[in-house]
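Taking the form predicted on its own, here's one chain by itself in structure tokens.
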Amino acid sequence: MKLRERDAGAAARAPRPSALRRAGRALTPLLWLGPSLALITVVVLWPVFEMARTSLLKISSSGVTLGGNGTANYTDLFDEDDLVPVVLRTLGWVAGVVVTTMVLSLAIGQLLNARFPGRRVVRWTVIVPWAASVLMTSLIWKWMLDNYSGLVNRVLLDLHLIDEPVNWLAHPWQAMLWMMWVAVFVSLPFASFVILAGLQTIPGELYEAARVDGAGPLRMYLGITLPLLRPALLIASIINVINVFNSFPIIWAMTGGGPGHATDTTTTFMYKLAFYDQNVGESAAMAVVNFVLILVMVLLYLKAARWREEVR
């Protein structure tokens, strides 16, 4: 009893840390978090703030700020006759490219995960389109689709699938389909390797137990592989959505968004507003709308994929 009283008395007499020391302890985590917070502020938050601020300014064609413009830039943007078709075309472009990419990536991921002679060579081959410049890949495909000297027309003529050369990129629908194929072509490596990484985290014991229970390949794929691949599919899909939505080089190199605005997406439309129409403020307003559209699409996808279950 006396020992407890002595300890309690000693604790009561122990000097309390000063306010300066307590503040130092509270601020210590900032030494570790500070660089990351500074990087996020400079690289992410500040450009977003500048984009939103510019959308409210009146800027001359030479780039001189003439003062505030209120919401006039947004009013002008929403009065554009081409805005709605461009946004709808962008949504179709993103959905078509991402869905096709994910379906093909599932098959390629399974192939890369299988054991066969020359697997390492195949893996390196698949990654080549990702390592190559997107602009150069687009220009090569544009040359291959040329109606006079393109390889595609030559092969189709030799196979008697067409009677005369076709100018594939002159027709909007054909041009969009070919550009979507190029976007899928450059997106496949990343999605395939993310899925491959997900496949390699699935324990082999699960498949052995399923075989003992008499499960076939299809049942194991639907009951084991796909559910356990959800985190990898989620990451690959979201990054693919953001990349495809903001894709500029493919469209610009192959059609320039033309004829007219027939193959424009929001990114090329935004570029034309800034550099063809010399309307930087309206282009910034388009950038804000583009940013909001991406956020909405990602949030809807996360909600549909029930991402909270993955976090738990």
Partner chain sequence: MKRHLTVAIATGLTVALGVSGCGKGSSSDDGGSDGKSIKFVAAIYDDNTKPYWDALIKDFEAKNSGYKVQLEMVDWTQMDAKVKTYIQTKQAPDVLNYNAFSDFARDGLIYKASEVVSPSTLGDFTPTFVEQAKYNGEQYGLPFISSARLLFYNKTLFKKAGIAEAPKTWAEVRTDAEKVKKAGATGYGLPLGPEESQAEFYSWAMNNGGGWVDASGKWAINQPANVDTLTFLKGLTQAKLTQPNPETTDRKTVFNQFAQGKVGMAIGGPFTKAGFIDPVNKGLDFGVAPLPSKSGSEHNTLGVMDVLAAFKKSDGKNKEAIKKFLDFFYQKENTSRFLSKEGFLPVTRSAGDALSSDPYMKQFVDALPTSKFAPTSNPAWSAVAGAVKQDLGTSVAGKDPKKVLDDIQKTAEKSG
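Residue numbers count along the first chain shown, from 1. As the structure is a prediction and not an experimental result, all values here were calculated from the model.
Although it is not shown, the form predicted together with the partner chain is what the next lines describe.
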Next item on the list: Answer for N246 alone: is it within 4.5 Å of the partner chain in the predicted bound form, judged on heavy atom distances?
Entry: no
Item checked: Proximity of A197 to the partner chain in the predicted bound form, heavy atoms at 4.5 Å -> no
Next item on the list: Answer yes if any heavy atom of H171 is within 4.5 Å of a heavy atom of the partner chain in the predicted bound form; otherwise answer no.
Entry: yes
Item checked: Interface membership of P35, the partner chain in the predicted bound form, 4.5 Å heavy atom rule -> yes
Checklist line | Heavy atom within 4.5 Å of the partner chain in the predicted bound form - residue from I59, A253, A287, L56 | finding: I59
Check: Okay, which stretch from 217 to 225, 105 to 113, 124 to 132, 144 to 152 lines the partner chain in the predicted bound form, with non-hydrogen atoms inside 4.5 Å?
Finding: 144 to 152
Check: Which residues within 239 to 276 place at least one heavy atom within 4.5 Å of the partner chain in the predicted bound form?
Finding: P259, G260, H261, Y271, K272, A274, F275, Y276
